[in-house]
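Okay, here we've got a single chain as structure tokens, the form predicted alone, with questions on binding and movement later.
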Amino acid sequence: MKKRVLSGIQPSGKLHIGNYFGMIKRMVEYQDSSDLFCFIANLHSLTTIQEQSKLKELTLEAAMDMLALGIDPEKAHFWVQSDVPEVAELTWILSCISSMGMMERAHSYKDKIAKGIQPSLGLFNYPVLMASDILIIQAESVPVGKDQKQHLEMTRDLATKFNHQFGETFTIPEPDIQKTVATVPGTDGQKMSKSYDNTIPIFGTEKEIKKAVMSIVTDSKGVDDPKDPDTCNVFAIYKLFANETELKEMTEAYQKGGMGYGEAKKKLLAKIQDTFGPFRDKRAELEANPKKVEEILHVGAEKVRKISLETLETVREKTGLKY
């Protein structure tokens, strides 16, 4: 029996190549080895996006992006978070056994406030909603980055506390922290992130992608100067796409000199276009048929609701809410 794996993505803007290599490519691979549950976390996005048209648009765009990049609704459970209202009920129930001390120790809340995000009860309670996402479908494994590790530990604590207080109910999920997660540098050399406005979009126009690639920050070495591939942002991104032969050729060209950064950027641009070209074609097909996307999401939500209701009925029974 395949391991049940859960992952979600917030609809907060255009996907970039850092998203792809950091999470999405991995999710697509999980479809064949695991029982994958993959959702669009629009309830989480409500903590920062409170404009109706924008959230609706971003939610559908995120769904199209994920489907275009390889999420297969025939292999994975794929849905929008708000289409499974049971998760909101479980969030309230788990909130009632969550200690204030545990919530106040959540560093993600402090980090977001420090970045200027308006504090709210929803933002403070974010880890409990995340716990509900995981526990309601009895996920066994949750791929997380280091920034989400504490939230998963809180999920495990809540599940253990509930099981101890009310009887065995929830599967205790295991974190799946990828040991070799690629840190994709942005155009300015920092980690690629929408927050830093340094991304290379996957589904941007050709002009947008070219502009982003050509703006990657490099040092001032001339064409004939030898260059260090280990300290170059262009090379760091190129090696995510290149095979061993291409990587060896680029390394040698850097070290002996004779190739400028402009030429290296053009080679990177070609790799990006070749890799994501088929995905862009698929994305265009989905964008032309939004009703098909909505139907995929509806079917996915119905499947997940059946699983969620089974868990929630047990929770209601054990807590006394079912009288």
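Everything numeric in this text was worked out from a predicted model, so none of it was measured. Take the two forms, find the largest set of C-alpha atoms that superpose within 1.5 Å, and that set is the rigid core. For every residue, the number given is its place in the sequence shown, counted from 1.
Although it is not shown, the form predicted in complex with a small molecule is what the next lines describe.
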Contact residue in the model of the complex, chosen from Thr160, Ser95, Ser215, Gln148 - any heavy atom within 4.5 Å of the small molecule:
Gln148
Considering non-hydrogen atoms and a 4.5 Å limit, which listed residue (Thr183, Ser120, Thr171, Thr251) is close to the small molecule in the model of the complex?
Thr183
At 4.5 Å between heavy atoms, is Lys210 in contact with the small molecule in the model of the complex?
no
So in the model of the complex, is the small molecule close enough to Ser308 to count as touching (4.5 Å, heavy atoms)?
no
May I ask you to check whether Val84 falls inside a 4.5 Å heavy atom distance of the small molecule in the model of the complex?
no
Do Lys194 and the small molecule share at least one heavy atom pair within 4.5 Å in the model of the complex?
yes
Can we say Ile9, His16 and Asn19 each have a non-hydrogen atom within 4.5 Å of the small molecule in the model of the complex?
yes
Of these, 138-146, 95-103, 229-237, 70-78, which stretch puts a heavy atom within 4.5 angstroms of the small molecule in the model of the complex?
138-146
Post core alignment: Asp188 C-alpha displaced by 2 Å or more between the shown form and the other one
yes
Does superposing the core leave Val142 with a CA shift of 2 Å or more between the shown form and the other one?
no
Cα of His16 displaced 2 Å or more between the shown form and the other one, core superposed?
yes
